[in-house]
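Two versions of one and the same chain are coming, encoded as structure tokens; call them structure 1 and structure 2.
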Structure 1
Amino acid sequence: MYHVWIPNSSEELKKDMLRYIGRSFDELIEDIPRELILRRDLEVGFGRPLSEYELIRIYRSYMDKNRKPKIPPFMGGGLCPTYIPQVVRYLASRGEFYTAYTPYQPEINQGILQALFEYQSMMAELYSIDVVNASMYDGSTAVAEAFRLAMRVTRRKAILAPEIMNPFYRRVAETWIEPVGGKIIYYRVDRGGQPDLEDLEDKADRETAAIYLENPTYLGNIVEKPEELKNIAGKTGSLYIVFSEPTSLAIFKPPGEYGADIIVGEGASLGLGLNYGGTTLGILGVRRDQSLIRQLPGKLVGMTTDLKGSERGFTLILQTREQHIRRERATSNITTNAALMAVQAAIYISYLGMSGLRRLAETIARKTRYAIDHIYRRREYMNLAIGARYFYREVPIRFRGDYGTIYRRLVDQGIYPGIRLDPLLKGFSNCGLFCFSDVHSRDDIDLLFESIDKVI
């Protein structure tokens, strides 16, 4: 059966090639046990090859069953809707980038390598840390790998993490470290969303591989004294891992400046879009410390020269850490990563530039403040679920009434409010986690709260 995606599939050409080979097709598969050969067509697709246009019509007939909100969703939890600038889309869709493989042959892929190096360098700038790898799958697996990295470097098994840790990351990290004996111990967070330092001191000991902090926290508030966690880690010889939303670092103090040994992040906000949670970018970096660097998982691009020393070039480095060389002793099994998302994030950051990033972060911070004012004006039936002073992008709201009902009524009106914290975090019943990002206008935010007023 000829198909335009399969150049040699015309019957004549196949016959020619088989004639040259000197065997029939059946002979080419005669080593497959007869009883395994499928004697029927697979029951897949629509029974016949489709044309592009037919596919598009079918796709539309499915997708039209989705319901579209009237205004951009306010759902948070680490992933928020964002706008992808058209240049980002345009440049990331260059065939030479997106149809390339991992640049194992550096000479023919200097472009991708430089772009990844620039991603690494810009992330290093943003987080104020020296080494950032060329991407992990997403924030959750980056966190899990950060935990495993800390365990390898310290040869210890325990991670101290905040009780309000991102609940999805928590489940992923548990899944990832449990088989190798790791465990997470959760430290308390006070009503102001700040780590309970006493509890942390209590729990930290010589078994502690690392202290983990999310800043801004999962609930959106800024941790006010993050350097104190570094002190505690210092005392027990533990590492300090900090997860931060990258855009927040344009205005807030970056982890590298308050002592993080390992930094982690999720890059989706850097022009990647939500894609139902699918197209993500795990950011992972370490201090300039050879043992940390040697234990870093994932690909790393470095600058070098050609053999003559006359021209600059880029190549993958320290590959001996990786699975294809080190096998079961590799720092990780990661092979395919999220390179294109790293390139895309690099494009996004360079498009916004530092001034644009700062303006973005400032506007988001202002919107967050604006939303909080809305909340304050509705003290009778809603309040901040944690009494923190500073929030960025996300805000947890506790409702007097049943949030499930409010939530559903809003969705029915085409307004998608904050995610329900109820099943996710203990102690947050009737709470929603709301996100205010670049895509929300003042009218959108006003409409959200006015709609809440109406359904309550």
Structure 2
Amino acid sequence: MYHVWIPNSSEELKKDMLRYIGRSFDELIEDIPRELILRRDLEVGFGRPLSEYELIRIYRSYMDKNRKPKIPPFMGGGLCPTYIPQVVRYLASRGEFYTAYTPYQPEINQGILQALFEYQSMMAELYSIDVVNASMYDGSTAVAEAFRLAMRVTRRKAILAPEIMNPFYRRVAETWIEPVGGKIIYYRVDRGGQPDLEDLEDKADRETAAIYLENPTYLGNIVEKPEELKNIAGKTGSLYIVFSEPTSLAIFKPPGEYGADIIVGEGASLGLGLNYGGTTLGILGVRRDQSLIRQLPGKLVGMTTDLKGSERGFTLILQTREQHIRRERATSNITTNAALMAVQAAIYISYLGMSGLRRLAETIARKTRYAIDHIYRRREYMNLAIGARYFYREVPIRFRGDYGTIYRRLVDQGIYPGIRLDPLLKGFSNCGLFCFSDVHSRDDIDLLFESIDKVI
């Protein structure tokens, strides 16, 4: 029986379709080289169509093979577990947002445009910057785009970045700027996780497009005098790029207040959650400077009024994508981007409010400090990998024994500790990067360190 919702896969139906159009199947694929055509059935599936119930049974059998952690994972590295209120999930899944895609016809997409305008406004206030786009794929592509932006504006090729830069962002950024002649030069960081200003001054020159800082750093420590990097950038006419974890800005000074020309961030902590590496949201903004704004990739949503001034409306005021009039002169080829994630982040911040966001950041800071107190009590076999005074959310721990062995033993017990740092950063052998967030109770943290006591 034919049905428009059932795939046209039966041999009888295929013959009817070919008979109707008056062609053979070989004629339909004659453009494909003969040597590339497979002359047998694919060895996939179960050899027959399966019922819905059979599929559910098979799916559940696969899911049962997953290891189920006893408590939320402590794996750091830029993306950490966080609680997502159900109202955020519900609102973000409404059809008005979920299927709105990119507003190609802004005059009939007022709702999604207003939501993105609100996102831009919230991020600009949080980072204390003038203009934020809507939006980027994730933190790594936001960083890479920021580097390219700085290179275009200054017409220089070198970016100075800390040697403990997020290694995942480093790889993406190197991949993006190398084809256009760019290079990243890494400046030293002292044992306390603070930039080595003398080394930075030696390396900064008239070929430097920008100085890049992560604050909090990839290792979770706070850079205490970030304005000093701005002073060095100013001496060479370079731009100052600062990456910040957005929730931290509810209690720490935002980068716009200490001179950032370009801000970047990863918005996964703003109610997006974790799911096989996602979902992510790249945050990218600039101070009010036309040379920076015109080179900003992606799109900007603006608010205006009608001719009578009685009704407000929203429109795309900057579209530097290649599908629009910029064509080959586009600053970026970013397309679908993460508009839905931007809307979900705006819903999350709206639900918490600024006071709620501050309480969240204070909670994370207290959990981080509570974990550090545990480390101090176990100095005979673990200590902080860097001697910083302040940490937020992520903490690097160095172990006296082999951390690979400790890691595997903890996983066998259903506890997922910090990611191993030795494959990612030089000089951090037997170190793990642990994350402590709002989903970790004090009992969870106690259980982590009690379990380490037993397996070390």
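Throughout, residue numbering runs from 1 along the sequence of structure 1. Rigid core here is just the name for the largest C-alpha set that superposes within 1.5 Å across the two forms. These figures come from a predicted structure and were not determined experimentally.
Colleague: If I had to pick the form predicted on its own out of these two, would it be 1 or 2?
Modeller: Comparing the pair, one sees that structure 2 is the form predicted on its own and the remaining one is not.
Colleague: For residue 442, decide whether the Cα shift between structures 1 and 2 is 2 Å or greater, given a superposition on the rigid core.
Modeller: No, because once the rigid core is superposed, the C-alpha of residue 442 moves less than 2 Å between structures 1 and 2.
Colleague: Once you line up the core, how about residue 57: does its CA shift reach 2 Å between structures 1 and 2?
Modeller: Shift of 2 Å or more: yes.
Colleague: For a quick test of reading the superposition: does residue 32 move by 2 Å or more at the CA between structures 1 and 2, rigid core aligned?
Modeller: Yes, the C-alpha moves 2 Å or more.
Colleague: Report, to one decimal in Å, how far the Cα of residue 19 moves between structures 1 and 2 once the rigid core is superposed.
Modeller: That residue's C-alpha sits 13.8 Å away in the other form.
Colleague: Just grab the Cα shift of residue 46 between structures 1 and 2 for me, core aligned, in angstrom.
Modeller: Displacement of the C-alpha, rigid core superposed: 5.8 Å.
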